[in-house]
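Just one chain follows, in the form predicted alone, and it is written as C-alpha cells.
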C-alpha cells in the first residue's frame, strides 16, 4: 500500500503536461508561485487575457493539497452561512458567501470549456447526520441557505438510506451545486489548459528568494535561474519552504488522509453509495467517503499516515467502513495517502498584499477546489486591473502568525490518532 505522494490520484489521473525547471534568466508580466488550484486558475485566466505569465512550482503540478484531497467540490466554507457572514463582517460577509456559493458552477464551467478529463460529477454531495445534534445542525444550515435564496434538499432518514446505501444516519443535506472530481486530474487539466493559452510552467523550480527590484517589480531566484516579473501571485499557501513564510505562519496544519480499495465488484457497488454522490458527516472528527469513476471506495478523516499513527488510522478506517457498509468487511485498502489543510483562526481565507505588486489569498480551511479556482481568477483580475482591492470579497489584511503554531498542529495530529484509536471498538 502506498502511504505518501498523491496515492490513488497519481495512478489514475491523465499524465501531467511536459514541464521542466527554470534554467535560464527570464522575464514575465506576472509570476505565479505554486501550481495548485489557485496558481493554475490565475495562470489560465491571465493567459486567456494574453498576459505573459510564468508559474514556478517547487515540486510537481498538483503535488500539494491540490493532488491529495478527497475531491469534493462544495459551495461555501465549513462554516454555516450566518456564521460566515458574522465572522467576515457586514462589508464582506454577504459578498464572500455569494462568491463561494457560486464557486462550484465556475469549476464545472471551466472543466467544460477546457475539456478537462477529471471524472467530474456535478450531481451534488451529501452532508450526513449520524445523530440528533448533527440533524439539528443540518436543519439550521438548510434554513440559512434558504434565507439567501439557495434551496438545498434536506433528506429524511429513508431517502438518506436510499442514497447512501447505509442506515447509519438520521438525515442528510443534499447540495445540488456540488459534486466530485478527480482532484489531481483537475489540477493537471488546468495546467494543460494554461499552457495551451500561452502560459509557461516550470516545475522543480523552488523560489528561494523573492526581492523587490529598484526599477519596480520583483526578482524571483530559483536554484538554476532568475525570473523578473512586474507582479507576483503567491499561491503556495501553507506549503513547507514557500517564500514569504508569514503566509503559512498564520495557519495551523491539519493533516487529512484517504484510503482506497480496489474497484468494488458490481454486486457490492450497486449497494454502496447508489446515488454516486460524495458524502461526509457532521462529527467534529469527520468521516468522508465516496466512489471514484472505477468504483473504488475511498474513505478519509483527520490524521497523518505516519510511522507512529498510520496503523491506528488504517484500523479505524476498516472499522468505520464496516460500520457504514457491513458488506465491505472483506475489502482491503490498496492505496493510502495524506495531505495538509491550512486552518486559520476564524476558518476564513486571507487576502494579503505584503508589498506593492505582491498578491496572495490563502487559508481555505479544507475547501480548496472551488475557492482556489475562484480566487485564482480574482487574483488574475487584480493583476489585470479589472477589479480593485475594494471589489474583493475578502478584506485586505496583514499576515498575523499563530502562536505555538507547530505545537497546535502536533496536538491536532495526536488528538486525531487518540480518538481514532478508541473510536468504534464498542460500536460495531
Ligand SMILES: Cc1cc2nc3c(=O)[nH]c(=O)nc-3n(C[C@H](O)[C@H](O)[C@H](O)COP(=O)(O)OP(=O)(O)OC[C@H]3O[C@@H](n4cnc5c(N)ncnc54)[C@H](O)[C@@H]3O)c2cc1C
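Residue numbers count along the first chain shown, from 1. Just so it is clear, the model here is predicted, and its values are computed rather than measured.
Same protein, other form: the form predicted in complex with the named molecule, not shown, and the subject of what follows.
In summary, the region of this chain contacting the named molecule in the predicted bound form, judged by heavy atoms within 4.5 Å and restricted to 46-54, 32-40, 382-390, 396-404, corresponds to 32-40. In terms of contact with the named molecule in the predicted bound form, the residue from 277, 205, 160, 182 that brings a heavy atom within 4.5 Å is 205. None of 197, 340, 226, 318 but one reaches within 4.5 angstroms of the named molecule in the predicted bound form through a heavy atom, and that residue is 340. Using a 4.5 angstroms threshold between heavy atoms, residue 264 stays clear of the named molecule in the predicted bound form. When the named molecule is considered in the predicted bound form, residue 58 lines it closely, a heavy atom lying within 4.5 Å. Using a 4.5 angstroms limit between non-hydrogen atoms, residue 26 is distant from the named molecule in the predicted bound form. Among heavy atoms of residue 243, some come within 4.5 Å of the named molecule in the predicted bound form.
Contacts with the named molecule in the predicted bound form, taken as any heavy atom within 4.5 Å, map within 222-240 to 235, 236, 237, 239, 240.
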